[in-house]
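Starting off, we have a lone chain in the form predicted on its own, written out as structure tokens.
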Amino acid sequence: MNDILIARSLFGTTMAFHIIFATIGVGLPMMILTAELLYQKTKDLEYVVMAKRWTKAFAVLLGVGIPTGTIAGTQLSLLWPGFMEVIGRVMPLPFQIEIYAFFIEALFMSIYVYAAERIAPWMRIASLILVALGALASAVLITNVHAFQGTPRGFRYENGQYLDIDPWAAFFNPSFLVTATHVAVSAYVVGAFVVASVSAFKMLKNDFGSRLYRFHQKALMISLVVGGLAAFGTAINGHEAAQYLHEYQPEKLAAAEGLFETQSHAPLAIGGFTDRETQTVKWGIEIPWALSFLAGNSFDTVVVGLNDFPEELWPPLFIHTLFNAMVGIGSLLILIAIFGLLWKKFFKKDRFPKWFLWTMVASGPLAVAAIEFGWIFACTGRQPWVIYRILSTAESATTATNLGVLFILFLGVYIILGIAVVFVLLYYFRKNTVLDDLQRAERKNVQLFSSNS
């Protein structure tokens, strides 16, 4: 591996690990807020117990997300000095505002955790709304830097100089809203289906009709509603994102669909693998004219193929597989949510089939995998540019060598952190069971939220 590839691998590994905690850290507050709203409406103590337990899990995940995010920021400066020079000059606003977003999130989460039983119900809800908004703002602001990389605005680059800098124009770059919306709804998908995964597993482990079964079934139904709506929103937003790629990064769209020749009535390739030699998608299923319609809402839309660009500027062709995996998982999650809601609400069935519950168990890991596929597709599909058509990855990278040792050391750190967070979560929730929390909630003068036994 050359030094640039090692630098990319090191930072990519950091982001792949951090993105798990960052995404759940955005999605889980929405689930907590939903449970709290249901509790305030129904006064059903099971909902407040859900909120309490998910809050504890959120705190543990936040404890890992913060240091890994700090590591990612440090690696940006050390591994990609050329990139950070541009960001420092043109795009500093997201990093500056993100500090305040995190402050709001941490402050109001502390209020909710430690003062929930001493403040009015509307204050509890307001605190959670601000937690959810703070978490979302942090993710959106950092992701806006990625949006800027794909559609840079707010400056002119001439003779190695950055001129006419307008930070707000850079901030509100053309793909900001599309990217921000995609990050938000996909995070809510992950948060909901991670909860659904745990709930379905617990339903399989408990007797049908028992109090624990009913508790986890309620959590599952919340997850299906929130996750289903968010997954549908992701699909709609994904269509808009494809149109932005068609307009601003045509070679990325062409690589995502394995399209080599520019054409109208372009087909959409589903599945398969892109073959550079034959310039086809092997074993894929083609839907005639569909890509042109997705790109421009018309079958006559001309979609630019890869052969219109120098081969050295082609993104890696394996992003077609990543794109299909992301879309495929998203589509599956929509179908899962629709089936679960129809089974329970339309057909009035009290008991889910075991095969469906096992599918739900898999839905959480699949949602996380879709996020990973999506981020790798988004960043790798921009190659060989770190800032599209302005700054290449090679020009941005550090000139330091011997990065292999750092790569191995950080990989070891992430493995240890991953094992530790699983151990802490299992230990805490085995020591503090659902029944314990339900009994504590039913007793008067016993604090539920601030209990840390």
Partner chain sequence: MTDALIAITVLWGFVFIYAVMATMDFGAGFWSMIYFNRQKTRATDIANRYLSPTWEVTNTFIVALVVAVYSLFPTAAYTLGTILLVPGSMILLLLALRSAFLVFSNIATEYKKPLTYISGIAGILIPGLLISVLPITHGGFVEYGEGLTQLNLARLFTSENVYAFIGFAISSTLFLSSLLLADYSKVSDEMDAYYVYLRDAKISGPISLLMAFCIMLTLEREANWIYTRMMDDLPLLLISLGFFLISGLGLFVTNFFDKRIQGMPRLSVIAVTIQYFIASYVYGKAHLPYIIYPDVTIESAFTDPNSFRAVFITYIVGFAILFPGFIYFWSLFMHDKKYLRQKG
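Owing to the predicted nature of the structure, the values given are computational and were not obtained by experimental measurement. Numbering follows the first chain given and starts at 1.
Although not depicted, the form predicted together with its partner chain is the subject of the following passage.
Only one of 380-388, 39-47, 424-432, 25-33 places residue heavy atoms within 4.5 angstroms of its partner chain in the predicted bound form, namely 424-432.
Only one of the listed residues (Pro365, Gly82, Gly296, Gly328) places a non-hydrogen atom within 4.5 angstroms of its partner chain in the predicted bound form, and that residue is Gly82.
Distance criterion of 4.5 Å from any heavy atom to its partner chain in the predicted bound form singles out Ser77 from the list Thr181, Ser77, Ser264, Thr321.
Heavy atoms of Pro353 never reach within 4.5 Å of its partner chain in the predicted bound form, leaving it off the interface. Among heavy atoms of Ser210, none comes within 4.5 Å of its partner chain in the predicted bound form. In the predicted bound form, no heavy atom of Val281 sits within 4.5 Å of its partner chain. In the predicted bound form, no heavy atom of Leu335 sits within 4.5 Å of its partner chain. Scanning 89-116 for heavy atoms within 4.5 Å of its partner chain in the predicted bound form gives Arg89, Val90, Pro92, Leu93, Phe95, Gln96, Ile97, Ile99, Tyr100, Phe102, Phe103, Ile104, Ala106, Leu107, Phe108, Met109, Ser110, Ile111, Tyr114, Ala115 in sequence order.
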